[in-house]
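The chain below stands alone, shown as C-alpha cells; this is the form predicted on its own.
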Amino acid sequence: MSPSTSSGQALLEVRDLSVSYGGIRALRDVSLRVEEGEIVALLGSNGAGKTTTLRAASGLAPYSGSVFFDGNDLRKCSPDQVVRLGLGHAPEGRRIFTRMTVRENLALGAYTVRSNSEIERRLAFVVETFPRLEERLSQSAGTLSGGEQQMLAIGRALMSAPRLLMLDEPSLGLAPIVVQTIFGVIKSLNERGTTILLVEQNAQQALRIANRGYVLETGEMRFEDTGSALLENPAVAQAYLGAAPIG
C-alpha cells in the first residue's frame, strides 16, 4: 500500500474504522481520506466492506474508530445532521419510493431545507444535470427505467447540495450507454465543485476518472494509490480488473 502524501485536514477522514454485524467483522481498522475537490474510488469484491464504509460515514451503521467531515466528529451526529453538514449519499440499490412521483422523491432529498425558493433552485440544478428527469417529474418513480431510477437516486442526493457525494454502485445493472452517461455526470459534478467518493463494481471506469483509489479486501485495506497507478498495478489488475495491467 502506498501511503497518502496529503497533509493537513481532509474533507472526509476515516481512521481505524471497524464494524461488526453480530459476530462477523465487516471492517477492520480501515483508514482513508478524501481531499476537497477529489474523486476517490473505493473498490473491492462483493462483501469487501465498501457499502459498510459508506453507511458508517452516513451514521447508518455503528462503528468503532472515527469519521471526521470538515473537522466535525460524525460519531456525535445523527444521519440528518450528517446531511446538513454537507455529506450526501446515494445508496446501493437506488432506494427510491416507487409509488411517489419523481418530483416527490427529489423533494425528499431537500428535507433539511425550509425555503421553497431554495428547493426550486436545487430542483432546477438536478433537472439540468439529468434532463430526462424533467420530462418525468409527474410520473411515478416506479415507472422509470433502471437508468432513470439511478439518475433519480443521484438527483435526490444532490437535492441536499452536498459538498461531498458518496455514490454506491451507480452503474450496477445498467446498459453500457447509460453507464457512460452516469460517469459523464460524475465527472461534470466534480468539475463543478462536488467532491466524490465512488464505490463502483466497474473498477476500470472508476479508476480512469479517480484522482486516487483504495482497494478493500475482506474488510481490510489492501491498496491505496493514484487511480492511474492502481490501473497499472499487476496485483490489482489480476484480482479486481480481470485483466493485465492497463497502460
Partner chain sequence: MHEFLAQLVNGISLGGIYALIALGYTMVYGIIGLINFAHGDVYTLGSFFALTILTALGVSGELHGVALVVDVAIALIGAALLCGIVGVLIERLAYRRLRNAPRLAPLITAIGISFILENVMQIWKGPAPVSFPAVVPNPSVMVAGVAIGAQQFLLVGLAVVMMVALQLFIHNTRLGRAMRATAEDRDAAQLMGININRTIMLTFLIGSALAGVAGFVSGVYYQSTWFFNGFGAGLKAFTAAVLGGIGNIAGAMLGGFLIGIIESFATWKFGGQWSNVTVFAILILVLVFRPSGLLGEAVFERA
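Numbering follows the first chain given and starts at 1. Keep in mind the model is a prediction, meaning the values are calculated, not measured.
Beyond what is shown, the protein has a form predicted together with its partner chain; the following relates to that form.
Put simply, residue 76 is far from its partner chain in the predicted complex: not one heavy atom of it is within 4.5 Å. Using a 4.5 Å cutoff between non-hydrogen atoms, residue 91 counts as a contact of its partner chain in the predicted complex. With a 4.5 Å cutoff on heavy atoms, residue 118 does not count as touching its partner chain in the predicted complex; it lies far away. Put simply, residue 138 is far from its partner chain in the predicted complex: not one heavy atom of it is within 4.5 Å. The stretch in contact with its partner chain in the predicted complex, judged by heavy atoms within 4.5 Å, is 80-88, chosen from 67-75, 80-88, 129-137, 171-179.
Contact with its partner chain in the predicted complex holds for all three of 60, 107 and 112, each having a heavy atom within 4.5 Å.
Only one of 164, 144, 151, 96 lies close to its partner chain in the predicted complex, with a heavy atom inside 4.5 Å, and it is 96.
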